[in-house]
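Only one chain comes next, encoded as structure tokens, the form predicted on its own.
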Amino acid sequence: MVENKVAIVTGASRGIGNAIAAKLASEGYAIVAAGTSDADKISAKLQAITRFGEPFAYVRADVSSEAGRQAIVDCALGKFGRIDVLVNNAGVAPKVRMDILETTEESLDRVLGINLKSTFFLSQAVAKVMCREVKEIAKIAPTIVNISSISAYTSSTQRAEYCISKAAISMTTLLFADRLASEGINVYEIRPGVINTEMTSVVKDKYDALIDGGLTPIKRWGQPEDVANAVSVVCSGLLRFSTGEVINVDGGFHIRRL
């Protein structure tokens, strides 16, 4: 078993997940980074994590499948012997934005499978490990962090699948927080707003105009590092009397203004 705390981060090959994994590595965590890309094709992204010299493993896995999720858990335990933190970050938008009256079953299944199903069942699998660890490892304080979105409560009728998946992640967070509190495991939801990633690059002009027009009190795009900093806070141990909490990383978007 390594002396480092160990964090699993899904969707760690790019964007928000990559920034989260790098941030935790900079703080001394051993990282199990999960993604769907071949490691050779994302070597620069992985270097952003490994440059801190902490123990590291990359798992190419489909988090929407049981086999993929088990491979991630097996890697963490096989290489490092423990799991202190799980960050459920992996997520996709619909391949094609379409009116809710035209949304297909195939698209709904894909988005829910990756965004929601992976969050629920990977949390379930890791929570079982964490429940054992609390009894076996002194002073361990396991934490699960779910990355949702302002789309959890904001209507976008051109991508209903995405909104539904993120709203469900919010309830998943509450359910696991409730169930795991007595086990000494805290669960949090980080709710990003408009973040500068590949996913939002296709609507850059739209959001540039909205932000300039006052969409958010803090008038700038969010960066992946903003989300990573929030994850760092909830994993720090400073919020152990809080669980099921939502941390908004949205430039103040959630503030209702007249």
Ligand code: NAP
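We number the residues from 1 along the sequence you see. As the structure is a prediction and not an experimental result, all values here were calculated from the model.
The protein also exists as the form predicted in complex with the ligand; that form is not presented, and the subsequent description refers to it.
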**Message:** The chain here is shown without the ligand. Which stretch in 128-136, 88-96, 174-182, 74-82 comes within 4.5 angstroms of it in the predicted complex, by heavy atom distance?
**Reply:** 88-96
**Prompt:** For S232, is any heavy atom within 4.5 Å of the ligand in the predicted complex, or not?
**Reply:** no
**Prompt:** Can any non-hydrogen atom of N186 be found within 4.5 angstroms of the ligand in the predicted complex?
**Reply:** no
**Message:** I'd like to check something about G244: if you look in the predicted complex, is any of its heavy atoms closer than or equal to 4.5 Å to a heavy atom of the ligand?
**Reply:** no
**Asked** Is M199 close to the ligand in the predicted complex, meaning a heavy atom pair under 4.5 Å apart or at it?
**Response** yes
**Message:** Heavy atom within 4.5 Å of the ligand in the predicted complex: which residues of 140-161 meet that condition, in order?
**Reply:** I147, S148, S149
